[in-house]
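Okay, here we've got a single chain as structure tokens, the form predicted on its own, with questions on binding and movement later.
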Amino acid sequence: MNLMQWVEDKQMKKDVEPFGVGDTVKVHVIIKEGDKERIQIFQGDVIAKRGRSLSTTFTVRKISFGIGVEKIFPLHSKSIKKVEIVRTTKVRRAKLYYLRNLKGKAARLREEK
């Protein structure tokens, strides 16, 4: 094991639940305001995952007051408290960017049985 792998292994989170593209997740994000901290929950569909090991990121999309909002989260960041899986869906794509053009019932994903 070289030095880079050793450093990455020490910084990686071990308690991350495996989730995939198409799943609906709740991301608990730590927000710092001055000297206080609070947790804010961002719930939406995972539309993309990319990267390996420490540089893994995932994109979550939600509709807020009729406007689509997307956020990219680093999976092993210290600002992410935890990622909860709300429901899993069956998708046939690795990236769900086509959801950006759909509205209403057409943008729903079929739940896995």
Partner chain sequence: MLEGLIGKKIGMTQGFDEKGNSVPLTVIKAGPCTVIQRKSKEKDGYAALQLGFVEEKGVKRQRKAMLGHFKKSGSPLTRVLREFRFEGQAEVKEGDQFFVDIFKVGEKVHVTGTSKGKGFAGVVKRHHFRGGKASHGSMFHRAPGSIGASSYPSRVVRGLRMGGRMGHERVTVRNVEVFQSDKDNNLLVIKGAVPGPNGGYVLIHRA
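Keep in mind the model is a prediction, meaning the values are calculated, not measured. Numbering follows the first chain given and starts at 1.
Quick note: we don't show the form predicted in complex with the partner chain, though the next part is all about it.
Residues L3, K32 and S55 are all found to lie within 4.5 Å of the partner chain in the model of the complex, as judged by heavy atom distances.
In the model of the complex, the partner chain lies farther than 4.5 Å from every heavy atom of R61. Although the partner is absent here, V7 lies within 4.5 Å of the partner chain in the model of the complex, judged by heavy atoms. In the model of the complex, the partner chain sits beyond 4.5 Å of every heavy atom of Q43. Shown alone here, K78 lies within 4.5 Å of the partner chain in the model of the complex, counting heavy atoms only. Along 60 to 74, a single residue, P74, places a heavy atom within 4.5 Å of the partner chain in the model of the complex.
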